[in-house]
Structures are given as structure tokens and as C-alpha cells.
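Shown next as C-alpha cells: one chain only, the form predicted alone.
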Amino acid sequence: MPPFVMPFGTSDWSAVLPLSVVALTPLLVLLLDLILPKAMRRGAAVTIAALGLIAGGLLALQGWGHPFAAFGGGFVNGGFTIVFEEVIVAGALISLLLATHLGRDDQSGGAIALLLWSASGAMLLAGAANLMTIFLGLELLSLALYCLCGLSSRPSAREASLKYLILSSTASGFMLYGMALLFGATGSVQLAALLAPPASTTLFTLGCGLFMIGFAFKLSLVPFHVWTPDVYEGAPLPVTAFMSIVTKAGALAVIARFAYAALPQPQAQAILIPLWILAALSMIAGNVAALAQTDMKRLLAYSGIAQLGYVVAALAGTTALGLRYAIFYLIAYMFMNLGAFAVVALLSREHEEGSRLSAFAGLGYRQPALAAAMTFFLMGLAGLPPTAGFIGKILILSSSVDAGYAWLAGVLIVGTAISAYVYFKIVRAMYARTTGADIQRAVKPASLLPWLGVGICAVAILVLGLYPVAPSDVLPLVK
């Protein structure tokens, strides 16, 4: 009888070790949740989860400069994958600092475990190089979020969870149908197979279109954005913050790998034109819709639609510089957006009172440091110096014009001008003196951990604004 031989080697398992650590940490979180007193459960869960994420991030960095196609090309490690894994880890870590608002004390362990499993799904998407791995990562990312969105005691949370489940499943259906057509056109589930001449050009084109619709939903690009404000408003604050970055980073990694490494370049630009149009629509529609919002979570949802439009616009022309600038702006957006959510968390107790725009009235006089931090984050989102948002938009403008998409650069300028009114509305509320109106008392937050998030985000935005560094080894591989 021949000896048993493992189908995959050490190098294969090493490639997925970072996401495996993140995926296994929840088991320890759940174990401690069973044996610790109720008063210690949330703190222990946050601590163990943070350590697991940090370990995953450090392990991922060890693979830098050593690209490897693991599991027969199902998962490709390299600079591109590692950068997105680090973004996902950082986004999940900062979201954990807001986890004092995530469920009841008896739900905290399970909720944080689901958050980590969702992050591991996004990390799998970062390196996915075949259609099966993409679907596995997407479902691992999404299934946990369906539960997390309904954890709040508000009725709108149940509505948000159900709406996200139904619409996300519909988008997954489009994506799966597209995958089936791509398999029919190429005879393989590998993304590398898309580079060969397809058996049917019609099947190939339709498959690409349906595949991109599924991920346009995850990126909240117009017109596949309608779920975003309702789900963001209904979901608990830490989940909303997590979704605004981690979900987008995982989906953007797949879209970038598909556009840069999987599509044959002679046909790529024609196939991707609808994606650039969706980016342009998102930049305008997101900012215009944000003008009328009085809830910060809805406002940041519409703002996120526009911001992801900027990121996708950087990919137009599929140039190497465009990808570097898209990643730089995604990182800047992560800190700007999560910083704003951390401020909302510090103004909230059990019922997320800080998400209402009225909670910011007179904040500049009640809590000057918090108002100054929020102003800085909003300056970044609006693209004003000396923030990373300003540098990021300049870089995207440059790459769009150089790639021959000056019209996208023009739309970005218009969208940025509209967004200035959106963010100035909040700044005005914080610093305007209204005669005859009582200034609200300062809210004592349930935890001071969000202050750590505010500090990290503010420093990162300033440093990236003064010293913009974009990683160079980020071209995606499919084999």
C-alpha cells in the first residue's frame, strides 16, 4: 500500500497562514466566552481578537517579496495580496476599538468571532485567483455580516439585516451566473484561463459583465448602491465601520486582479468601460444624496459611495501607477472614515445618539479636541490640505489624465466640489453659536477605546498627507 502523501506542501499552507490565524482566533474567543465571568467577556474578546489580527498582519508581512501560487493557483500570495491583507487587518483592528457598542455583554464573544471570520473571508478574497476561491471568500465575508447587521435592539437593525441578505444574495446570483458563463467560455475556473482566447466571445463578454455587477454591489457603486444607506443606518456602529472598509477592500482586490491580471489587454478596456461609467455616476450621485442627510451613518454611507467612485476611477486605463494611487487613496479613506466613526462612537451610548447630526451641535465648545479631530477627518474626506485625502485626489487626477480618462478627472473635481458642502454642514454645526438654543451636555462614552482610534487615524492622515508613500510591488498575479 503506497504511503499517504499530502496533496499540498508547507509553502501552500504558509501562504494562507495569516488568514488562517485570523480565522482560528474566534475559536479561542468563543472558548473564553464560555468560561469567563460576564463582566470580563467583552474585554477579553476584544483583546484576543486584536492579538489574533496583529499576528495575522505580521505573518502576512513575512511573505513580502516572495510571490507564490498556492493550492494549484487557487490563492496567489505576493505584494498585491499582502497590501490588501494589511488594509483589512488595520480596518478590522480599528473597528474592534468601537466594539463596546456591539451587542449585549452575553453576545460580545459571538459577535467579535463573527467579525473576525468576516475579516478572514476578505483576506481570502485578497489572494483569490480562481472563481471557486472568490466565491468561498465572498460568502465567508458576507454570511457573518448578515448576522452582525441584526445585533442591535433597534427594529431597523432587523430590517437592515434582511435587506442586506436579500439584495446581497441577488448580487451573488448575478456573480455566479457570470462565473458559469466564464467557465463555459474558457473551460476552467482559473482566472489565468481568461487570458487565453475564449471559445465564445459572447459568453466571455456577458460573463465579465455579470461578474462585475456582483462586485459593483459590494463596492456600492451606483446604481447598485441602494442597500448601503439603509444597512449602514440599521447595523450596529462597529459593524457599519467594519463594512465601510473591510468589505470594500476585499471586493476591490478582486476587481483589481480581474481588471489587471485576468482580462486580455486588447479587450480589457472595452469590457471595463461600464465600470468607469459606474465610478463617475457614484462620484456625483453619492455626494448629491449626502447633501440631504441628517444621520451621520447615512451621510457617511453616501460619502463612501462617492469615495469608492474615486478609488475605482484611479484604476481607469489599468496602469501600474493608477493601481498604486488607488491603494494609497483606499488606505487614506480607511483612516478618514474610521476616524469619523470613532468620533460618532464617543458621542454615543447604548442607542447611538451620536449618529444624529444634532449631536454635533456646539461640539466645538463642549469637547474642543473631539470637534477638532472630526473637522480634520472631514477635511480629509473633502480633499483639503494637509490631509492624505488631498494628496490622494491629486494623484488620482494625475493618473486619470495620463491614462486618457480626463473626463473622469473632471467628474472627480465636480464631485469633490459638491462634497465640500456636505462636510462643511457638519463643521458649521460644531462651531456655530445658535442664540437661544441650549448646548447639549458632553456624553460620557461607554469606553475610552474609540479615543485610541481617533488618535491613530488622525496621526495616520497627517503623516500620509505630508509623506505620501504608495507601495510599489502591487501588480496582481493570477498564476
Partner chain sequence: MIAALILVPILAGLALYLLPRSADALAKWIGVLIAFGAFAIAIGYNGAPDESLRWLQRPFTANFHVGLGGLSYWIVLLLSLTTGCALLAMRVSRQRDFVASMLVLLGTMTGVFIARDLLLFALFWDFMLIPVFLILVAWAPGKSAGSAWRYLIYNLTGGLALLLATAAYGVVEGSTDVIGLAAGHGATAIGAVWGIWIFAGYAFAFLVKTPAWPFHTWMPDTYADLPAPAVAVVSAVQSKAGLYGFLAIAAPLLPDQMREATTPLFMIGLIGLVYGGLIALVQDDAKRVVAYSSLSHLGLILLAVFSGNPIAIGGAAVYIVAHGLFSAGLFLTIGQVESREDTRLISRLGGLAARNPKLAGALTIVALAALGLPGLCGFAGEILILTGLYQAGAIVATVIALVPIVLAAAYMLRLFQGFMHGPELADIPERKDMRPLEILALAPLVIAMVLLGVYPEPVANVSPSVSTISLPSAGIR
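Residue numbers count along the first chain shown, from 1. Quick caveat, the model's predicted, so the values are computed rather than measured.
The same protein has a further form, the form predicted in complex with its partner chain, not shown here; the description that follows concerns it.
Undergrad: Where, among 385 to 393, 299 to 307, 199 to 207, 173 to 181, do residues come within 4.5 Å of its partner chain in the predicted complex by heavy atom distance?
TA: Contact-bearing stretch, as computed: 385 to 393.
Undergrad: Is W64 close to its partner chain in the predicted complex, meaning a heavy atom pair under 4.5 Å apart or at it?
TA: No.
Undergrad: Report whether the minimum heavy atom distance between F242 and its partner chain in the predicted complex is within 4.5 Å.
TA: No.
Undergrad: Does any part of V401 reach within 4.5 Å of its partner chain in the predicted complex? Heavy atoms only, please.
TA: Yes, V401 is a contact residue.
Undergrad: Given that the partner is absent here, does P368 sit within 4.5 Å of its partner chain in the predicted complex, heavy atoms only?
TA: So P368 counts as contacting its partner chain.
Undergrad: Quick check on this chain: which one of L272, A157, L321, A90 has a heavy atom within 4.5 Å of its partner chain in the predicted complex?
TA: By the 4.5 Å heavy-atom cutoff, the listed residue in contact is L321.
Undergrad: Can you work out which of A192, A409, L281, A359 has a heavy atom no more than 4.5 Å from its partner chain in the predicted complex?
TA: Spelling it out, the residue with a heavy atom inside the cut-off is A409.
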